[in-house]
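Listed next as structure tokens is one chain, alone, in the form predicted alone.
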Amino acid sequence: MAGRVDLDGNPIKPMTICMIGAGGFIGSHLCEKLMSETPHTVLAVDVYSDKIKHLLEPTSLPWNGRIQFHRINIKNDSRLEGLIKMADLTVNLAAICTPADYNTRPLDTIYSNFVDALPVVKYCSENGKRLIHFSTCEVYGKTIGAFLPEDSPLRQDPAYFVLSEDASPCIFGPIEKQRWSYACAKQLIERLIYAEGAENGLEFTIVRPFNWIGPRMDFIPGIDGPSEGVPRVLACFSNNLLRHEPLKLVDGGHSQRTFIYIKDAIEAVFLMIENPARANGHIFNVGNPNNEVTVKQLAEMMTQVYSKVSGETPLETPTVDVSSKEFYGEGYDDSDKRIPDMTIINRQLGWNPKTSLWDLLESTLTYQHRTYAEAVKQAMSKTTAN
């Protein structure tokens, strides 16, 4: 760790980072990297610590004392401002970010992603503290290309579907399509952060993740999450594979997405943390445009990969079509494509993703099979017995 320098050759001083949502998927990977590769201290704020338990215990760990867990619900805890004041930098990862919730819990979604984030921005701005805020690629909504005739050659022109931080419009569906409650709340907090920067000098960086994938992501219903819950697409498919059920394709699985390995994405965040001169005032797409597939192609690839890692024969009928109304309920809508323009992050931080889609799926499904397969089997046998 000695003699670490930033991208411009300046020494990197040890800092204290207040990480809100440290116990989640992204937070756990970021904490791991900070503990193992830097001298920085983390004030880990969350309501759950399961995913970072291995970093907190035992006390003989080499980084003992550099990560402190604070069990705080940021909705109503006066201790939050004190932690932000103690830190040099606040990283805000807290959010409700599961598409199934946008329809069924739109109020919770809006409050979680806008109202609950307001004090964090306010405390950082008033106390002169730097903020890295996690937004979402959902803020882009639908592409311009989605509104062109289906046979239009312009649909193939990147200008109509590649999403750029400083140029692409944010196009949402009508108000009754409550799926956009999340994107709209996230966009409004971005605008507020940007305004705090312009009017009050807040030093900020905004991160727009494009489908970050890896071990410990999301939850497997009834195993390490609610039985009734519907996680995001990759965890939904993983759950089906673990239970030997067909993978459910919503509206045929025609939407296109890009997927990036969590370890690649964390490298990008790391560069933002340690290079404030290059990252402040910027919004960064963090995704992998080379890993683009339709949701149907993702299902087919996951079926192949899972068969390889588990040694199990795939189902004869590996997928089944369901309507979005049946799967998500009334008010669902979707974006057609989400392909990130990587120009700004490449220019500012020299970052590019490395891991192929097959490799990131193999890593994730190997972890999930090893961690959950036996628990799922037992849960299924109990259900059968009843």
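We number the residues from 1 along the sequence you see. Keep in mind the model is a prediction, meaning the values are calculated, not measured.
Heads up, the form predicted together with a small molecule isn't pictured, but that's what we're talking about next.
- Think of it this way: in the predicted complex, the small molecule has a heavy atom of just one of Ala87, Ile72, Ile283, Ile266 within 4.5 Å, and the residue is Ile72.
- Contact annotation: of the candidates Ala44, Met342, Ile339, Ile26, the single residue with a non-hydrogen atom within 4.5 angstroms of the small molecule in the predicted complex is Ile26.
- Shown alone, this chain has one stretch from 308-316, 211-219, 123-131, 155-163 that lies within 4.5 Å of the small molecule in the predicted complex by heavy atoms: 211-219.
- Contact with the small molecule in the predicted complex holds for all three of Tyr48, Tyr182 and Arg232, each having a heavy atom within 4.5 Å.
- The closest non-hydrogen atom of Thr303 lies beyond 4.5 Å of the small molecule in the predicted complex.
- When contacts are judged by a 4.5 Å heavy atom cut-off, Ala94 counts as touching the small molecule in the predicted complex.
- Taking the partner from the other structure, the small molecule in the predicted complex has no heavy atom within 4.5 Å of any heavy atom of Asn103.
- When the small molecule is considered in the predicted complex, Asn288 lies well away from it, no heavy atom lying within 4.5 Å.
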